[in-house]
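Read the single chain below, which is given as structure tokens and is the form predicted on its own.
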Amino acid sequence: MNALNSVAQGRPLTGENCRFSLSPQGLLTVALTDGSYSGRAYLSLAFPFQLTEEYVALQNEDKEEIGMIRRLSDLREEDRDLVRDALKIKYFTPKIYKILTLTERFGTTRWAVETDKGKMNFVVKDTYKSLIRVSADRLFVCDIDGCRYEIESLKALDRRSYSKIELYV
């Protein structure tokens, strides 16, 4: 855990020193209670594949660090809900349940899949590098637009789906 603790060496943000709100345009804003910052909050997860409620970095519009939320549970409930909603939008990740087609052409792979959000089509460049394995059975697929898709369990895929992806995993 020492490596994780070193990630959070910046200003710790908690329910005691910050308040979140939505701007009239629906954008997440933060105000630090010491008055050192008030404005738009850009969130990013230090470990987006494993820790979705810990080590949330906040930056301002100039991409300068405002601080780090060690755990969402450190925030007030209403702030925690706002941050969770913003993270869900930023890290929108449909779960792939079935691979309908996988067609390789000109260095790209075209995917047609069934997800928890319905049927989707996307293109992956350099398929071997675009599959991120986070465990023996779980992986993420990153498309050319930077969108992520999750296969929660390779074992849970039907035989045809697995046979389409087997070469790459």
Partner chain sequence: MRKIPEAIRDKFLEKGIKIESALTVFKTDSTNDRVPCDAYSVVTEEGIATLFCLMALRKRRSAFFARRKAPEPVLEVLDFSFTPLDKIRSIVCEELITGIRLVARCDGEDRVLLYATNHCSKALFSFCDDFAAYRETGAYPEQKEEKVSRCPRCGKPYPDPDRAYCPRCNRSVGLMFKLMPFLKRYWLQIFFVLLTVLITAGMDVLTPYLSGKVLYDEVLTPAGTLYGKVLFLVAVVAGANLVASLAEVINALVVAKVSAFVSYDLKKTIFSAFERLSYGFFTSRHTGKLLTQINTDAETLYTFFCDGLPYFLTNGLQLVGVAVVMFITQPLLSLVIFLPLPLVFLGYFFAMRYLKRLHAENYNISSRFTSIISDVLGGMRVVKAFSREKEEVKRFEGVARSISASNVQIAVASRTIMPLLNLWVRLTAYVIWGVGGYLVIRGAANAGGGISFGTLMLFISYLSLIYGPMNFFADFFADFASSLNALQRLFEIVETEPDVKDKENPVDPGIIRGKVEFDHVSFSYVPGKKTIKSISFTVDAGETLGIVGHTGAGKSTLANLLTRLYEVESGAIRIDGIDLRDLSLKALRDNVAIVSQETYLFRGSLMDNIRYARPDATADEVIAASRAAGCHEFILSFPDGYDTMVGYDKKLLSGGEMQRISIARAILKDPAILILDEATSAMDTRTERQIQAALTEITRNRTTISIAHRLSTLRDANHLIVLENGEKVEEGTQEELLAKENGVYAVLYRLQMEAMKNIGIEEN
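Quick caveat: nothing in here was measured; it's all calculated off a predicted structure. Numbering follows the first chain given and starts at 1.
What comes next is about the form predicted in complex with the partner chain, which is not displayed.
With the partner chain omitted here, the record of contacts in the predicted complex names 104-112 of 30-38, 66-74, 51-59, 104-112, defined by a heavy atom within 4.5 Å. When you look in the predicted complex, the only residue of Leu131, Ala46, Val134, Met120 with a non-hydrogen atom within 4.5 Å of the partner chain is Met120. Under a 4.5 angstroms non-hydrogen atom cutoff, the partner chain in the predicted complex has Tyr91 among its neighbouring residues. In the predicted complex, the partner chain sits within 4.5 Å of a heavy atom of Cys147.
Heavy atoms of Arg138 never reach within 4.5 Å of the partner chain in the predicted complex, leaving it off the interface.
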